[in-house]
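We begin with a single chain expressed as structure tokens, specifically the form predicted on its own.
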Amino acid sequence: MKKEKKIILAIDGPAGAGKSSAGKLAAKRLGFTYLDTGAMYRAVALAVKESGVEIDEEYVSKILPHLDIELKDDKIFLNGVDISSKIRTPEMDLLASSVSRLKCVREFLGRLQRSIGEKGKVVAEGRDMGTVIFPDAAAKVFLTATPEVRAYRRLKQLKEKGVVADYDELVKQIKERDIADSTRDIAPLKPASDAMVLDSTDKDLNTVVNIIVDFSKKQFEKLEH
């Protein structure tokens, strides 16, 4: 039996493709709730780092029941503490990619993400939103860009926050993460079969958001007929 489509916009894509920026603005334009799943994985990564446990299924599974992750007003809280600035570093990017390979982490966060999206009217961005978490999303977008452009954008973000980073090192890290995310056994990074693939390499943010919102509205309108 075919599942009924939900009024959800799922945005997937590699690191630095602009998913967060586009997702936030698209959610605002649509009047939807914004679900930053990447921040959730970084929150778990931070908890693992601060706990000092190995990135291993056995050890990480023991700390997950003690984690309370909450998204509120563009901020993320871990056990009641605002960790928004702590998780936006190249180190946490790589650590998040490592913990996301663990089945226990994906199941733990998957349940949380689905509970948030249950009522619909959600913009969810991440790596497997359209393929695993919300396969019944009415609108799916796979946002991508060249590694070089993504590294430049990341460098600009980090500089604005006063974080020193090396461009060549960022390109290297992004390519490494692309390989890790797309070759993992559980929920590998790939476009959903019914996703619109959007290359943002030569497009500004406003253009990208316009394309995504227009596409989403058309998909949602189909549900009404």
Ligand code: DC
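When you see a residue number, it is the position in the sequence shown, counting from 1. Bear in mind the structure is a predicted one, so any value in this text is a computation, not a measurement.
Same protein, other form: the form predicted in complex with the ligand, not shown, and the subject of what follows.
Quick check for you: of 62-70, 178-186, 163-171, 24-32, which stretch puts a non-hydrogen atom within 4.5 Å of the ligand in the predicted bound form?
It is the stretch 178-186.
Is there a non-hydrogen atom of Lys140 within 4.5 angstroms of a non-hydrogen atom of the ligand in the predicted bound form?
It does not: once the ligand is placed as it appears in the predicted bound form, Lys140 has no heavy atom within 4.5 Å of it.
Is the gap between Lys86 and the ligand in the predicted bound form 4.5 Å or less for some heavy atom pair?
Output for Lys86 is no: heavy atoms all beyond 4.5 Å of the ligand.
Within 4.5 Å, heavy atoms only: does Ala39 come near the ligand in the predicted bound form?
Ala39: yes, in contact with the ligand in the predicted bound form.
Applying a 4.5 Å heavy atom distance criterion, does Arg154 contact the ligand in the predicted bound form?
Flag for Arg154 set to yes.
Please identify the residue among Val122, Ala96, Ala145, Leu78 with any heavy atom within 4.5 Å of the ligand in the predicted bound form.
Checking each option against the ligand in the predicted bound form, the one that comes within 4.5 Å is Ala96.
What residues in 123-147 sit within 4.5 Å of the ligand in the predicted bound form, counting heavy atoms only?
Heavy-atom contacts within 4.5 Å come from Glu125, Gly126, Arg127, Asp128, Met129.
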